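Coming up, as structure tokens: structure 1 and structure 2, two forms of one and the same protein chain.
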Structure 1
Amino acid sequence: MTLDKFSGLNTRISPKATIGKNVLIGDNTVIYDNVEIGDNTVICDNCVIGEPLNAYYADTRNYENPRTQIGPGSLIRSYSILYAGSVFGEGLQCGHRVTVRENVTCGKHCSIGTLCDIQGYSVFGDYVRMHSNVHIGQHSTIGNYCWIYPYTVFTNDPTPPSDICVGPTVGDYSIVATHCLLLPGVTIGKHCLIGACSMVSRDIQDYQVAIGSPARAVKDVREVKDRETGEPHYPWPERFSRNMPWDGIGYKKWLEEGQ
């Protein structure tokens, strides 16, 4: 490339930030106080890492920015804003224009798609994949190896407006398809598949396929066939391994080996 994303134009890095080895930081990107960026990470142009919390505007001089951690080997695409006070494990992938507010604990090898809006105060496991434009309300919990598809929303106020805040919980390996809504406090079990355009208002047990508005369990996920082969497709880790820790080994063997 003749033109470089990492020319240093208007890049600003706090002297109180800690930057690992072999890190690229793009033009117009700002890294605020008390951010720690792991080795071999790429932060693209026009990003804000360690965005100051609301208290900053009340007293910009005396404000202390909480610690922010970006794991090694991460790639954060342009125009993303990650607030101070969150911790992301290694191998984070962010799309463009992602917003993540404070107090998020995010496991390793997670992916947060373009335009996602994470409202903070939530916990995500490892290998969580959020596609574009997912909205996660505060106090949500997402397990490991979950897939959340576009325009799905996690809500948390059962009688809006109120001061109650109870987010949804999604179990390991579960999939929530496009345009779904999870109502406050619902729990989706492990290995579930929530069909597109569903509104989940009650808990869903492990291995259930649930669809509709309100979502009802209609069958066991292990009965769903692959369209092309006619073979069962779920549990999906037995059929899909791209970028997963069982890639090359196979899910069953990986499980047997205690992961």
Structure 2
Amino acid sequence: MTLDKFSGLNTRISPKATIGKNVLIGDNTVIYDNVEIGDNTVICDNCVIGEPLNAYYADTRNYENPRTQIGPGSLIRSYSILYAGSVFGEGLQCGHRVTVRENVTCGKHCSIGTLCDIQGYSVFGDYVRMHSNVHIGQHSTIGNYCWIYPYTVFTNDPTPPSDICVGPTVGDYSIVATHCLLLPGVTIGKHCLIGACSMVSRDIQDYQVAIGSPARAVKDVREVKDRETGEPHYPWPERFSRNMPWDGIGYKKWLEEGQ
């Protein structure tokens, strides 16, 4: 197999892995079977990509590692562990010491901050921004263009301990501020703002600001004013474009062009 890449010291790459062009792999990193890494990706030191599932330890001889896909143009920083069976779109950005368990589907240009813990079997849309120290329980769903701020926890067991596992759902463009707790099975609508330190125990409808413990909807998010201009700050895509696909053309024009 010919690899167009640079790999560091003590790096182990399975012969069953597929490595794209211009891929950089740091020291002490392990790439397991059936991993596919897209072009122009950087994987830093001490990472594990395609970590085997529990079944490997029960029957190492007959185990076959599920496919793991890393999209092109990704950056995975040091000490991150991505389990087998997950698919990440182009432009993935990982902080340090990120853990992503098996069977996660992640859209394009997602960001997973340092020390995030994603417990698998979850779905994330495009341009999701998870800041540092976010914990996502299994069977959670996050839509497109969502922001999840530090120390937020998504739970999934309504009657612990039990065999029930149902994670929260967050709609497109919604923001969950720092230190929030989302209880199992709750649904947050589109374009919502969940205030810091809130506990979400009931569904929140579209375009709502919800705060408190338990969180309650207090106003339409479009009533929130910019502190400097006094103009409506939300929906936020109309006011913020950095690193978003509408950067340079504006959100409304981007929508009109059918992007």
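All residue numbers here refer to structure 1's sequence, counted from 1. Definition used throughout: the rigid core is the maximal C-alpha set that superposes within 1.5 Å between two forms. Being a predicted model, the structure only gives us computed values, none of them experimental.
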property: Number assigned to the form predicted together with another copy of the chain in this pair; result: 1
property: Flag for S213, CA shift 2 Å or larger between structure 1 and structure 2 after aligning core; result: no
property: Cα shift between structure 1 and structure 2 at D59, which is computed once both forms share a superposed rigid core (Å); result: 2.4
